[in-house]
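Here's a solo chain for you in structure tokens, the form predicted on its own.
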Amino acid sequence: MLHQVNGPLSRELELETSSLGLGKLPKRLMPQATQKLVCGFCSTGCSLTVHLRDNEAVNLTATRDYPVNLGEACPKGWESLTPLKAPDRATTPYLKDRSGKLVPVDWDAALSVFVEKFKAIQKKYGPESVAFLSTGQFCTEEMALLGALAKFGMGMVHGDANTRQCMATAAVAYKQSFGFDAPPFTYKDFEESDVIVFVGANPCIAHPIMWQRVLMNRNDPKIIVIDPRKTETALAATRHYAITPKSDLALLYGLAHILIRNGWINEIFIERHTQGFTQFAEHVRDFTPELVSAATGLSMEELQELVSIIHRGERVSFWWTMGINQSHEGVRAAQAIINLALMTGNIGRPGTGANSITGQCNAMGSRLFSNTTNLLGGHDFLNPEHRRKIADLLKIDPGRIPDKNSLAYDQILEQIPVNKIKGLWVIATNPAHSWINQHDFREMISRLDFLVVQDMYHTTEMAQLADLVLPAAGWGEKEGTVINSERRVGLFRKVAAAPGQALADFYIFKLIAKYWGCEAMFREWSSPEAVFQIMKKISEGTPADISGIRDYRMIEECGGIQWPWTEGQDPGAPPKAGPLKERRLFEDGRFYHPDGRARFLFDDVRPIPEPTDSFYPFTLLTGRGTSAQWHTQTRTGKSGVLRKLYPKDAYVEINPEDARRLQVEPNEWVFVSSLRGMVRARAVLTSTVKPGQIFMAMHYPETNRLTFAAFDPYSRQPSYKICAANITRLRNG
């Protein structure tokens, strides 16, 4: 029996669907002169003011009074509206016909097939045979609804998000060290440090507005960059320490060794607020300057200089991002940074902290509320009290909540060839470009019985592999909250109608709940703001408590609100200015473990997964290309302005010494190869990479045809940053 979607699911859903929801903005969202909303690209969480004319978003400016970006925006932000009008928007569902071609269908046919196929797979292979892969790109309310629908309504156990690719390491490191996934900093710390240490981070390119906050620092800070490559940030730094790729952990243990040996530690802080320091000190005893110098390529004088800079700083902040996270030993490397902050007392004070910079606009929301790595709101699937609490709040049977954790992203994929997972639902992510070792990825995906892709565009690499494509609204076409790197809850607002039959992901999930037959479970989840009220109840009493945030209007009036903000805090004095506007964690020295103490955690240094050899003598590094590119270029590639700001073709950076030896000329086509395959790229000759190293930007599909699928054992995050490769000339052009 076919369901009709123009029935009274709710007033909000009627407004979205409007007999399949085509075209106009509902009256309550009719455009005003301007509308402020948080940018949908990176984790900085800038506010953009969209200017509207005659029901149309025509321009935008950076919001001057927002505490994140203070009137600044990067190139991606300025071009945020352009991707909404791209000609390849998915404006209707598409279903693969018998010839293998995606053809347009209506929502009724699409969702009927969705339910029929997934239920048939579950009946044949069991309830765990269907999984989802989601995103850090859409609203927290959408993440919560998806996770609850999939796991409580549809009986799925396994679901993960592309946050696994960028932030899993930091999340696990914080949980283990602090007792909760709690980035302690506020962006004001960029301006208040006197020593700023970036480890595997390039904010000039990856987070340019955060770099602007560094430039606002009036303390004449020493800016230290630890990175194998001479990045844009390294070029602007006080000192650049160009370590051997993936020698981070040895270096960080070596710095701890020297600090302890010299007595340059905060013994009072260690004694009062930490646990495990004695064992950690014993562990790093073997990391002598001689050993660390050999491992990192830094001289012993450089090591001593770096330690001295840290020691002399009164307010030292440590910052890391993908250079640490995307590693075969990323969790322990992140915790080695945390250990340095703890042992020197550089945490909980202005200008200090062990600070992980997030990747995507809502990776923090995903970490807390997506129902992937933890139960809603930072709770634990393995804890029966947590399951009972969530079940009571949601008024559902506790038995519907899985009592085991999901498989991680890579483990979900590995279950496909062995017939354990046969149906996959991919939402707002493009792993057919972004996942590591693309040859193996596509081979695994080809063995699915049914693949659903939900996206803004029907042309993405992942959508082209799908059996069913569901058309989704994008940034600016829906509303909800997002949480940035500094824990600030901000707002997406709707300033444009989605094209054709495309719907906000929230309402697609509502429709699927109806077709699946579990819509009664989500009756109170009637709108994004209604779900926000549910999230508040779920968060109450946790470290990420947001129960004191009244509603969306309060978030807007306050310029975003950092968690925690509890019901007990004065509602008449919202965090509009001063110390309440910029808040850091652990000012009282208490952490989230039951005893209130942070943990010193450590492990043996592991060898790199794929060393170079005579066949593959180069170390291939990967990372961001320019501030104008974003991930797989699904959106930034729609802007002619942005395309002019970065190279059209994939390119490989080569040191001039290596280029001369190989007789490679500038801009010449070359082959770059690894054990996974061979790709073509333009040669860029530059001393920013050392001899024996090459660099390719992550934004081109060629790069992940080469990368090696190694994973951190604790976070299951892929090690994108390093593999063995070779370069040969493309003789015939």
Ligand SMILES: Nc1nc2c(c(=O)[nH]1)N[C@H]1C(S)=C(S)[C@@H](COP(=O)(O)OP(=O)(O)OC[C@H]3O[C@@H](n4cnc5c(=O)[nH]c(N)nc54)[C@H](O)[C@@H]3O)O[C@H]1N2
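The numbering used is simple: start at 1 and walk along the sequence shown. If you're wondering where the values come from, they're calculated on a predicted model, not measured in any experiment.
This next part talks about the form predicted together with the named molecule, which is not shown.
With the partner left out here, check for me: in the predicted bound form, does some heavy atom of D181 sit within 4.5 Å of the named molecule?
So D181 does not count as contacting the named molecule.
Whether D248 contacts the named molecule in the predicted bound form should be assessed with a 4.5 Å heavy atom distance threshold; does it?
The answer is yes: D248 has a heavy atom within 4.5 Å of the named molecule.
Tell me, yes or no, whether T566 is in contact with the named molecule in the predicted bound form, where a contact means a heavy atom of each within 4.5 Å.
Outside the cut-off, so no.
With the cut-off set at 4.5 Å between non-hydrogen atoms, does F138 touch the named molecule in the predicted bound form?
F138: yes, in contact with the named molecule in the predicted bound form.
I need the one stretch from 223 to 231, 519 to 527, 117 to 125, 271 to 279 whose residues put non-hydrogen atoms within 4.5 angstroms of the named molecule in the predicted bound form.
Within 4.5 Å of the partner lies stretch 223 to 231.
Which one of R584, R635, R487, H158 is close to the named molecule in the predicted bound form, taking close to mean a heavy atom within 4.5 Å?
By the 4.5 Å criterion, the partner-contacting residue is R635.
If you check V495, A168, A144, A472 against the named molecule in the predicted bound form, which one has a heavy atom within 4.5 Å?
Selected residue: A472.
Quick one: name the residues from 602 to 622 with any non-hydrogen atom within 4.5 angstroms of the named molecule in the predicted bound form.
L621, T622 sit within 4.5 Å of the partner.
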